[in-house]
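In the block that follows, a single chain appears as structure tokens, in the form predicted on its own.
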Amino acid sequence: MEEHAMSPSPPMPTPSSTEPTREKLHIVGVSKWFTSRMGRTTALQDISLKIHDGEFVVLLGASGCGKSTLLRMIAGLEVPSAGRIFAEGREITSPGRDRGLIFQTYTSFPWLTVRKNVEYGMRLRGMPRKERTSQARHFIELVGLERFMDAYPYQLSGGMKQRVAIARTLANRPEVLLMDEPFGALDPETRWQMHDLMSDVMAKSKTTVIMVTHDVEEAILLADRIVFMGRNPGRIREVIEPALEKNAGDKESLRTTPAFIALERKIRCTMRADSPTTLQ
């Protein structure tokens, strides 16, 4: 079917209880390095960032700037070499149900239907069958796959498989949705459709989203804030808030506005300036 071994870092204070209640995540002085026989390589250096409830934050930058490494530390799959990460005041030290992760590769179970895939996490938690069936239907409808509830992954296009992954993750009711290049393997038209889907789903679910991409246009179209990252080592170069009217739903017109063109040019110039010189 197609669809168009270093010493431990010194203690750091936890975020103050007087911080705004809408703060969802607080990244405090995080660095990450890897040690091998060739020495130590610093992937990320001194990353500090606050992310608020309901925000769509995009980590943007060229390959090798540590975007995915930072996302994996927020997910609890990797541990900072220095610094700490907090979720509503609680330090993140391991994966948790409050954070759901979606990868670029398709992760559906091939032997389960769409509905069974979406129900899977709820079944593991012991949710009664009637309730999980109702919840699964809700999230399948949210991503526009109600006609394919009884289909198997091999019968679905790439974009539809990624919709299943989004529905399954949202069905577990995460407070933060983490996405690592989720649309990178899709063709341009399907990717365009997924942008519309994500904008609609996030408006309805009110979930906080952190997405990794190296696609400048994608970042501008989706993000409330763009965290532009440089490399060697990975660091935050700039935090950008696109001042664009996105509620009209007409992305073709948005892409031709002077504000969009200027912002895209600014980001691409910054990205080129951060790239290593290859010709002398």
Partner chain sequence: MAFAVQIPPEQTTTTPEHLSRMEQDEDAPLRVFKFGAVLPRSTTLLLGIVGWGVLLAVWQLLAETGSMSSLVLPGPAAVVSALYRLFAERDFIGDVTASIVRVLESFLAACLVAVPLGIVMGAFRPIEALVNPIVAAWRYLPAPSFVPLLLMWFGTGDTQKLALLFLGVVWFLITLVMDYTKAVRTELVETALTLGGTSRQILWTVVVPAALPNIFIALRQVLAVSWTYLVIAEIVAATDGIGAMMMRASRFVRTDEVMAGILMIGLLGLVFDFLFACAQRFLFPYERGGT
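Only the largest set of C-alpha atoms that superpose within 1.5 Å between the two forms is called the rigid core. Owing to the predicted nature of the structure, the values given are computational and were not obtained by experimental measurement. Numbering follows the first chain given and starts at 1.
There is also a form predicted in complex with the partner chain; it is not shown, and the following applies to it.
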key: Region of this chain that lies against the partner chain in the predicted bound form, out of 181 to 189, 69 to 77, 195 to 203, 127 to 135 [heavy atom, 4.5 Å]   = 69 to 77
ask   = Is every one of R99, T107 and K161 within 4.5 Å of the partner chain in the predicted bound form, counting heavy atoms?
value = yes
query = Might S157 be said to contact the partner chain in the predicted bound form, defining contact as any heavy atom within 4.5 Å?
reply = no
query = Should E146 be classed as touching the partner chain in the predicted bound form when contacts are defined as heavy atoms within 4.5 Å?
reply = yes
inquiry  = Contact with the partner chain in the predicted bound form for F139, defined as at least one heavy atom pair within 4.5 Å: yes or no?
reply    = no
Heavy atom of F86 within 4.5 Å of the partner chain in the predicted bound form = no
message = Only counting heavy atoms and a 4.5 Å limit, does any residue of 149 to 180 reach the partner chain in the predicted bound form, and if so which ones?
response = D150, A151, Y152, Y154, Q155, K161, R168, T169, N172
query = Taking the rigid core as reference, does R147 move its C-alpha 2 Å or further between this form and the one not shown?
reply = yes
inquiry  = Taking 2 Å as the cut-off, check whether the CA of S108 shifts that much or more between this form and the one not shown after a rigid core fit.
reply    = yes
Inter-Cα distance between M198 and S157 in the predicted bound form, nearer or further [3 Å or more] = farther
task = Specify closer or farther for T42 and T105: how their Cα atoms are spaced in the predicted bound form versus the shown form, given a shift of 3 angstroms or more.
result = closer
